[in-house]
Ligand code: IPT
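We begin with a single chain expressed as structure tokens, specifically the form predicted alone.
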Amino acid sequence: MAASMICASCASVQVSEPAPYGVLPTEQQVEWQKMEFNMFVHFGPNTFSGDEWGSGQEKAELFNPTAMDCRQWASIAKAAGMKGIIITGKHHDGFCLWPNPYSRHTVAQSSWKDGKGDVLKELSDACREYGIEFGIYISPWDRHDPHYGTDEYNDVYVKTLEHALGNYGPVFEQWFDGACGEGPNGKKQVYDWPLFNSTVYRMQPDAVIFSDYGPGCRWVGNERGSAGRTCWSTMEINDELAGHPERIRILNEGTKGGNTWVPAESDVSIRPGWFWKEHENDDVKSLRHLLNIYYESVGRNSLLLLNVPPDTRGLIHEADSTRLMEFCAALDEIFSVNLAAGAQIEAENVRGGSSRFSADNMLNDEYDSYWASDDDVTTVSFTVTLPEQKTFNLVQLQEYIPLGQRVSAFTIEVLNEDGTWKQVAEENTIGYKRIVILPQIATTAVRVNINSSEACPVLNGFALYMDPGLNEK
């Protein structure tokens, strides 16, 4: 059995679990983070016009997919390892992909299926069939609705939300874009975010709400799919944040000790644009680019939301689906074998000397079992001794976030052949999941030093992996 410095006389004593630290995630936020990788679907009139932002004056007849099959989207998402799909039910042009009775710019006014089609219904049905979650993007900006820019618009928008959220079953995430355009009276619309959020929770109480600042999850501050090397799931949400000169950095990194749990979501497109364009069929991101995005999003305490836009047929193009299958196969190859399996793990301190908090818990697959130190121990190391020399270039660490995010600085060392230790990485936060990229290393032991933690560290995962193409030039 692996050694964890457990005192036999203490092991039978009831030892309390660590007290929660700081603000905590909801159960829905924890389950959302476990999804790790979801599909974004930008689809609408822009698919046919080639625009990224429609004018709102395009004719509804423009939307006419010739062979739309949401089951194809769902099957590809499932095969790619994605856990959910979020569809642009209404983009900035105001066109609704469902027959919204509060708009005259919808699929009901199009010639597609003689005005009787409903993309949200077909996609939500397909998601249920393939066992993946269904989410909706509804832009508050509306370049078509005549009420936009007036006091009446927020009420119209709420009715749109109610209809979309009340007719298609469970919605795991409501996506609010923060874009705000000029209204017909020359004034910007003042969005009633408290009203919008309360409407979502009334209609879909388990939904996680995305916007720049949450409340469920936040924008990562860029559209490259890259979270900060420091990435806290907490932020200090206040009235000054929107105009803060370092707003983008704060969104990217979060705030240590912030007053709200609002984890980062990294949205990025598999193509240069968000909507499908024929001339971009040869510009789908490379496999290595997608892997790098994965390491900088999921590997930095963020969820990855990868946009895969259907074409004018209403199908995911072959170039995109092929690359997704290559991406999934590469992730399976890299992460299917934990090179730390069978290792012995020893921690300098185990909470109360209890086997309940043994360092061994970092090597099992049980999410709710974890290693923890005593309350007064916030600087501590653990050593993983491998059964034989292993070659790897990825170290994965996980904190047990239901008790809060704690670690703010750590280093990684490897054992040299002469018995000395060599530092190979110095990083800051861990969070739900942290994947540290290293040069290719062959060793028999790895030591992780928690150099700073806001409360006693609580870790539930350690693993080593090898990405064979990572260090190629």
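No experiment lies behind these values; they were computed from the predicted model shown. Numbers for residues come from their place in the sequence shown, where the first is 1.
Form predicted in complex with this ligand: not shown, discussed below.
- Only one listed stretch (309 to 317, 170 to 178, 393 to 401, 357 to 365) carries heavy atoms within 4.5 Å of this ligand in the predicted complex, and that stretch is 170 to 178.
- Although this ligand is omitted here, in the predicted complex all of Trp53, Trp219 and Glu223 have a heavy atom within 4.5 Å of it.
- For the options Asp375, Asp212, Asp192, Asp283, the one in contact with this ligand in the predicted complex, meaning a heavy atom within 4.5 Å, is Asp212.
- Residue in contact with this ligand in the predicted complex (any heavy atom within 4.5 Å), chosen from Asp118, Glu253, Asp93, Asp267: Asp267.
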